[in-house]
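Two forms, one chain: they're shown below as structure tokens, one block per form, named structure 1 and structure 2.
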Structure 1
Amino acid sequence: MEVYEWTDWARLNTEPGRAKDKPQALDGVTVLDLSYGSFAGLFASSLMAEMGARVIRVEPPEGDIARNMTPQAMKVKDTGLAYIVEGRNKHHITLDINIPKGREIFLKMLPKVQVLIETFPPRYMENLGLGWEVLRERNPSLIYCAINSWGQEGPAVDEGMGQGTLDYDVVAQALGGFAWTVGLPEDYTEFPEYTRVPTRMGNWMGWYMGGAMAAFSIMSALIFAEATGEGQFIDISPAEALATVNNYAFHVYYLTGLVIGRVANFEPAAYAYHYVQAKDGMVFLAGYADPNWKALCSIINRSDLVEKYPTVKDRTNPKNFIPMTQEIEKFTKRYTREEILKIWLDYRGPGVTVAGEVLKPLESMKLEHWHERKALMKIKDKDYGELLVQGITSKMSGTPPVLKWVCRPVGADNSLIYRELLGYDEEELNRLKAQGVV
């Protein structure tokens, strides 16, 4: 028997290039994704599609408005940059469920699927006659996941919040408490006043955290359904999902009545644990426990800082963050990022302190490590040409995820899906298209 080193075994057995030859965990699961204007639902179905589920994206005949959510109106053919990534591995059909014929077709498809995802306003589907009570009569094992910033029920929804509005990432960030914690503090008077305001996270973290929680919940429900034959309704609020990872902010307020203010690039629980300026960019430094703080100060030859800020409590006082950093940067600004890394790696004294290079986007994209691990992948897509996209996150030896294709144009799979699920031929599809149903 051939013997491998552990790293060789792991590389061989989790290599994404071999994934297409292995089974997938969600083979045999069919998902109808009715997401509209929300990347929370799109991300949830993307994760399931990577794991082998057959995901059928249902867009209105004119396409999902999410295809237009892209910087500076940049598109590849008919589709914005973000949607191209979240259209991966999915079949795309069109159907207008707002008209009776569209709802009739939707109900015919329902018994043939295991999962339904939608991101409409609360009670929207119920008002169309497609609520949970109706749908589970048609398909008792159905897993129905509804995603909206406010959730589907509760006092705020009863008072009208969320009703009539789509699921918005910026609302999730605000309700989840994150917008308040991101940005420059109001008392950092070294910066212009207009910059010292609550700041949304640069990417759609509310949507993506909500989508991840939705996918996890759906997969858990699939296990239960396999054992019992029973489906269930899942109510996901991206705001609540985001709040679950807001670490200690709620607890501090509950215990002390104090609100953790914005702290820019600093960590309220640890210093040093932040970014500092180098001669050619930024470097991350860590050394927050007392022995490690002493090690950091030893490297920069500043024992006076140990005496001035001797305890974790001293170093995590927000009033000390700026002056401490200014003193550290008197050293780091004299060196390049590469030189700083070497200085830290050469340290052999007591304590542990860490330095890490903050890569610029182009530098990160060129890093061979990400390409070898297929975290970044160049794809030649038959519809959208050559693209660089995010690849596969989970490296699994048994049932790995697979990136099969990137995206599909609006309604590209109408013929395939409607023929397979409902037996419709091209003549019937043309008739439905002329009626505005598909």
Structure 2
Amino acid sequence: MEVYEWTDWARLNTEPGRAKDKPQALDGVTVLDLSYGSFAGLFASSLMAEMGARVIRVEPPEGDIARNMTPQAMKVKDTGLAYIVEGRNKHHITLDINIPKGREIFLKMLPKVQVLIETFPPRYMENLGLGWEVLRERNPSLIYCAINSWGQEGPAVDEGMGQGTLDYDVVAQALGGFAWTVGLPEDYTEFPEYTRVPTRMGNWMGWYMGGAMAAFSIMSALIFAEATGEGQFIDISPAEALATVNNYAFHVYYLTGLVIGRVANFEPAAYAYHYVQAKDGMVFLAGYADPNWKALCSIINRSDLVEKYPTVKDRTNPKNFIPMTQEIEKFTKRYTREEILKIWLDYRGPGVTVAGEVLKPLESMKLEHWHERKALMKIKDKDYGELLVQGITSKMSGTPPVLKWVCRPVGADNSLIYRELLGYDEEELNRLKAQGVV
């Protein structure tokens, strides 16, 4: 039986191309995703849709404003680039819950779903008469996940923060203390002043981290609901999600009063663990525990650095970051990123040290590894044509995630979903359309 090497076995059993014959983990789960202008909600429901949940995207009749969030106003057909990525595997319907008839239809759908996701301002749903207390009456096992950076309750909400606006990624990155630790410190005076400030991640990290925390919380609630029959209300803040994963910053402040700030591409708690200059760009180097620092220094033939900076304490002294790095760069600047990688991979001595290339995203897109593993994949979509998008993240032997389609136009699944869920025929739908309900 053991004819395969481990890596062959792993490939044979988790290759995304073989996923079609396998069951899906969230089979039988229906999710209503009412996200509006927030990729946190959209990412959470994408994760569930890839795992086989039937996700029904509920947009207002004019479409989710998130469809317009795109660089240089670029669209494929009617939709911006970011939304196309997160429209995956979802059925798209329209419904205006701001009018009574829309709310009536929404309440009728509710008993048929297990999960509800929304990203409105705190208490927005409550003010429409669709708060948790009302909804749980209709469906006691419902899991209702509200996502907003200010959360659903608390003094700031009482003061009106988050009211009347979208829930922005940049608010999560700022409010959660994440941006505070990203970027160039003030004393990097070789760079212009306006670049030495708290810096947002280039991607929408607040939305993605918030969405991931929401999906995890929903899954734990689903396991509880399937064991007990009880649903619950979940209040997820992308800002709090980012604050929770900001390494040790929260703990260090409580224990010592030290506020962790920006250190560019260094790491306040470990050295070497940072980017250095190579001949043709930057390279990541790691070797921070004593034996591993020795390994790094032996590769660059600098045992004097081991003597000069022997302990973790010496190396994590911020005053030493730049002098140590200048010494290491005397070596690394002589080689290209590829050459450095090879030197490090060829090291056979004691200790573990790692070198890795820092790439432009255009360079990264060419790496065969992502394409072979379908982390990036070309998909021919019925509505949006041939596109290269993020594909399948998790490889699973039993219930692998699947990318079925990338997106659907606004309201494209109205006929299908309203018929399946509520038995509406075309005539009824046309009437609702004329009234502006769908």
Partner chain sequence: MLDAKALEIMAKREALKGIRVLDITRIIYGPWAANLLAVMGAEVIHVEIPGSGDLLIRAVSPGGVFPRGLSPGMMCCNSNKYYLAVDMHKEEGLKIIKELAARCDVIMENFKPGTFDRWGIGYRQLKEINPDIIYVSMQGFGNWGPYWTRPSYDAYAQGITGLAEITGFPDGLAVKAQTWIGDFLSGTLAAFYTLAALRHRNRMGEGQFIDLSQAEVLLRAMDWTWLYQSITGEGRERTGNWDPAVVPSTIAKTKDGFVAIGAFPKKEFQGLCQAMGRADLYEEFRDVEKRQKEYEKVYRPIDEWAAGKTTQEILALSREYSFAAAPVNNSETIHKNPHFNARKMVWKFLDPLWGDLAYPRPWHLSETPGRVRWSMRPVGFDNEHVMIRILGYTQGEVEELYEKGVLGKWDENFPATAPPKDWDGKKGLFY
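A quick note: this is a predicted structure, and the numbers were derived from the prediction, not measured. Superpose the two forms; the largest set of C-alphas matching within 1.5 Å is the rigid core. Every residue number counts along structure 1's sequence, beginning with 1.
Of the two forms shown, the form predicted on its own is structure 1. Hinge residue, chosen from Y194, P71, L362, E133: the C-alphas switch from fitting one rigid part better to fitting the other at L362 when the forms are compared between the two structures. Rigid-part rotation between the two structures: 12° for the smaller part relative to the larger (C-alpha based, whole degrees). For L255, the Cα shift between the two structures is 2.8 Å when the rigid core is held fixed in the overlay. Overlaying the rigid core between the two structures leaves the Cα of I300 displaced by 4.1 angstrom.
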